[in-house]
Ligand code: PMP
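Take a look at this one chain, the form predicted on its own, written out in structure tokens.
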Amino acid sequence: MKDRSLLMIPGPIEFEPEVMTALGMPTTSHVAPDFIEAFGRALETMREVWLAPNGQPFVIAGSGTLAMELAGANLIEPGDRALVLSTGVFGDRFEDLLTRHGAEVTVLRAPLGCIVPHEDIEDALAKGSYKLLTVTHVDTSTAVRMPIEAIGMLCRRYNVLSVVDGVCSVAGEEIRQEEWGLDVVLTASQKAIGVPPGLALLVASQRAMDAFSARKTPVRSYYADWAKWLPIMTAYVARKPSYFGTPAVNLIAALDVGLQQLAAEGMPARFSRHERLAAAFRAGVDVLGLTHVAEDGDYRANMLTACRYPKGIDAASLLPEIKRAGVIVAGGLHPDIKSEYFRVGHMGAVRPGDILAALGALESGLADCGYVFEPGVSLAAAVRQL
């Protein structure tokens, strides 16, 4: 398509044609046999993608923020203590969210561009009596990736429920929910899942479901109450119709197609592909002399890269030039450094050619802004890495 830019932001992403075809099919009834089959299959395949064969999947119309709400609303009761690990804007959101549901919240906030140290987390868990811990696996505002396997182990040791915000990590970063002992892993459809925006997705462990069943007070949110949605999910897995609220029929049809594609690729292969493409993109920006918001290379996300602008160049000058070269990237999001950096998403349907196109557009934009470098150097570095 002429004049169509390549979308390389941290979501929504580029979607596979088969997903868009499913989305555009005539809308059917939510109790039609073909829809019942698609919804049930999608729920079953979520267990494969999350690597949680015994988990309870939920698919509800809404954004990733609703997925966060589903976790907080159903697992927190007034007076419960919660520990929030924050590496950016989206970690901070949990403080407000859980407080609204009556939790007494403690926040461990990492220095900008860093992770929350393991010893600080363990010290807080040892001293406190927490019911719940939340962690943003990849914070889209900083591109910092937290080590959730180790955090899952800590939560089990201290008998604390773990909630992983995987909005910018599920289906791209390695997550083995059941093996790692993670109680809730949530995401949204428009990121590495590869489906247009509009679905909140999560998988809950049996431990999380038991904690929900043991509640002594009603869930404060009517729409987010698992008691309303669990019979719906159970019915569709059993290939039976059920109703609480009208599901997003076309989006769920697209989700079914997208999840089948993920399962066909296989999760280990998918994790490896994202790691390889991220390494190639980072090799390109590194050789250009750009620096990262995420300071430690071991904790940089594979789903996006957050780069600081070179001295003398800002968003108003660089981003339009990148777009003019055919690629759309995102500006900064973290309020403390919003004007100092930009973000490039590389998740889901992204392929090596997209990485090279993004680097080529970045080089073109930098050159138009007067930045001095050897033309083609980032593409050569990425090709070597690939």
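Since the model is a prediction, treat every value here as computed from it, not as a measurement. In this text, residue numbers run from 1 along the sequence as written.
This next part talks about the form predicted together with the ligand, which is not shown.
Interface residue remark: Q190 is counted as part of the site for the ligand in the predicted complex, having a heavy atom within 4.5 Å.
Interface residue remark: K228 is not counted as part of the site for the ligand in the predicted complex, having no heavy atom within 4.5 Å. Taking the partner from the other structure, the ligand in the predicted complex has no heavy atom within 4.5 Å of any heavy atom of T28.
Proximity of L98 to the ligand in the predicted complex falls outside the 4.5 Å heavy atom cutoff. Site residues A82, K131 and S162 are none of them in contact with the ligand in the predicted complex, judged by any heavy atom within 4.5 Å. The listed set I175, V167, V203, L75 contains one residue whose heavy atoms approach the ligand in the predicted complex to within 4.5 Å, identified as V167. Exactly one listed residue, out of M68, L359, V350, A42, brings a non-hydrogen atom to within 4.5 Å of the ligand in the predicted complex: M68. Annotated contact segment (heavy atom within 4.5 Å of the ligand in the predicted complex): 86-94, selected among 205-213, 86-94, 271-279, 242-250. Scanning 49-65 for heavy atoms within 4.5 Å of the ligand in the predicted complex gives S63, G64, T65 in sequence order.
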